[in-house]
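Quick setup: one chain, the form predicted on its own, written in structure tokens, and binding and motion questions come after.
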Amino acid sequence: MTATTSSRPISLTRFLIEEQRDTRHINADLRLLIEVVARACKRIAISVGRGALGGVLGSAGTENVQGEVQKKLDVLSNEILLEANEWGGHLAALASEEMDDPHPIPHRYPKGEYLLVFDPLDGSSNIDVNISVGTIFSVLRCPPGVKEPDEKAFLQPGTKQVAAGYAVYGSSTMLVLTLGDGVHAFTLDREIGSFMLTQRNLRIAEDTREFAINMSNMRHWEAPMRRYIEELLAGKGGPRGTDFNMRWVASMVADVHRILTRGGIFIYPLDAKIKDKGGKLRLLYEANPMSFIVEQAGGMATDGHDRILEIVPKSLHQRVPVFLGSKNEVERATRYHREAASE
């Protein structure tokens, strides 16, 4: 990865104002929307940081639309994002991985032109063991003429995103953001309570020696996936002629953040266990925003066959396989799957 470290510690607010004024990449409503999401992420970071002291660890005793058991912090993070965003007048509706249907803006509040989709707490299975988790979000425009957005309004390909980002709650809290003109990283200064620009224009190296995948599922993989990983595991004596290292956090935010920082490939392929679901990760809440970020940083993202950002969603909670990160490795893994499909 190459990136330009900020020469001056400017705040997220100042960065967004300069983007609005100087480059015209965003308007005032989009700037406000991103600032509100960032403030919500700060509140989530506080809850995550308090851990057991805040009484937020463990199961909430409920399931989300995916049939997954919700953690207390899943529910709390979802509520924080809803409450922060529904009254500002910049949104037409919201959709969350934790809710069956879109969340309309209450009629007592004004409505805006944007749609917000989010995974309030990605990697929540790691909460109780103090491993990094995060929040992922994506911003779309509400289709023209739609006054009461329903599910159909959200079913737009990832190429329609106007902004995307994630917050990672680790040793420091960071916000990574793209407005469609590069990727920038902000670190939360806890003393003043502001996200400060710490890196401009993150870039992912085209080549890598690191891969992230859940190896415990190898017996369920399709043949081209096994072929690709077996070549990596063969090391210097194999067809690739080099040693690769595996890194796997089981938190997409943490794994992708590592790739943005030092390169790598992240893969959650289709396998026999999840074939009937279409994949593991959610297209709208995880795959699209992360693919947008990765492509803006010079990387590549596919579902093993096609560019993720060009997939037209069929449902709000659609799942897809995900291959993203360093361009040359994603191209190779994708080529193996395409070759197998054409045989």
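Remember, predicted model here, so these are calculated numbers, not experimental data. Sequential numbering from 1, following the sequence displayed.
Another form, the form predicted together with a small molecule, is not on view; read the next lines as being about it.
Interface residue among Ala45, Ala301, Leu281, Ile34, judged by heavy atoms within 4.5 Å of the small molecule in the predicted complex: Leu281. Between the options Met252, Leu175, Leu116, Leu260, the residue in contact with the small molecule in the predicted complex by a heavy atom within 4.5 angstroms is Met252. Residues Phe292, Phe323 and Glu329 are none of them found to lie within 4.5 Å of the small molecule in the predicted complex, as judged by heavy atom distances. The stretch from 219-227, 193-201, 119-127, 166-174 that comes within 4.5 Å of the small molecule in the predicted complex, counting heavy atoms only, is 119-127. Within this chain, Asn214 lines the site of the small molecule in the predicted complex, having a heavy atom no more than 4.5 Å away. Contact check for Phe266: a non-hydrogen atom falls within 4.5 Å of the small molecule in the predicted complex. Taking the partner from the other structure, the small molecule in the predicted complex has a heavy atom within 4.5 Å of a heavy atom of Trp248.
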